[in-house]
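Before any questions on how it binds or moves, here is one chain, the form predicted alone, in structure tokens.
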């Protein structure tokens, strides 16, 4: 065992944590809490370990509700790192009889979407400037038109993508009037759960539920932090049979979207953190972590409807981000199909083995399901196939994971040289230069060991690898 690791384990023990490591898997629990399940972290020995993330994970495993229910298992993916809200990014929580709004957070259904297009890289780069100017207008300057009827907005929030499509076919507005709605309908089968959860429109902000035409400023926006839209090249195909089935070919152009539910998720998430506190039984001590579960069945059901409402919005947000890009490719290159490969959520609570599975920055990896694992904007991204590994709670990493905080990247005295940041040769389009530094490749763990550890553990298998060409950061 490495001397640094020994020191870390001793330091964590002094802080009340019991941690063991077998060279592949860490287990962690609060000392003296034998009733809490040990949390598990799949992490290669050469990747950094953060004590704060271990503490967050142990406290998550120790959660209880005075009325009952239980945390059954807690697992973390190799991109695991501390979360600002008290829940580590990469956490997967299996519960029965309770749900934990904080285990999903406010960016509900943050997720990934991947398309491919039969456009050569040289042809694309020859029109790069025209493409970028159009997309900057859509993504940064508000030239996009994503208006919809009030009926379409309500159907979206209640029924997800199928509801929005049905109403948009009746009354197409905004970019939906230019889109191939029949193609979008066909592609809905390539969205996780069909992009359709059982929502409740009353949980959305009031501006989304009103008579007349709805013009929502949050739709088709990337968002801050690690969210992005990236154009890529499919540089290698590993599983040719599966890639063929999914429409993926070496040399194709690809575009990948990472975004979530924007202000709708924040609205729902914050409301339910307050609601969980208000519903906590009088006189019962709060958990040390400050993360409060819901235990009363009616509240659990209501929360899940509220979460589903924001999740439905996120599915459409990614769809419209992609559709604006696809329409722009058609303006520049003619009749381009650019089919959807898959759209998958990260931050969401879903039924699992008689209870609930909450993922926070982790990707579903059910058997035969496409899994999208992005690297930093200077590294490869991966299209994988899930193996449905029960030991991993059928979950994979949602990226490489941060190695350095945004504060650390932007603080005074930090090395801002391009080569030190890993930005040499990176084509990043943003209006905020600090975002380029905060999200530089040097801020992230290397994607190779993160992916390899999950392949070795039987969680996923590689299908294809994509290299970045240019990245939009808001």
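Just so it is clear, the structure is predicted and the values come from calculations on it, not from any experiment. Residue numbers count along the first chain shown, from 1.
Beyond the structure shown, there is the form predicted together with the DNA, which is absent from this document and is the topic of what follows.
- Contact with the DNA in the predicted complex, defined as any heavy atom within 4.5 Å, is confined among 222 to 230, 334 to 342, 159 to 167, 246 to 254 to 222 to 230.
- Although the DNA is omitted here, in the predicted complex all of 84, 106 and 432 have a heavy atom within 4.5 Å of it.
- The DNA in the predicted complex is not approached by residue 40, whose heavy atoms all lie more than 4.5 angstroms from it.
- Under a 4.5 angstroms non-hydrogen atom cutoff, the DNA in the predicted complex has residue 266 among its neighbouring residues.
- Interface residue remark: residue 406 is counted as part of the site for the DNA in the predicted complex, having a heavy atom within 4.5 Å.
- Of the heavy atoms in residue 75, none are within 4.5 Å of the DNA in the predicted complex.
- Here is the short version: of 359, 318, 262, 115, the single residue with a heavy atom within 4.5 Å of the DNA in the predicted complex is 262.
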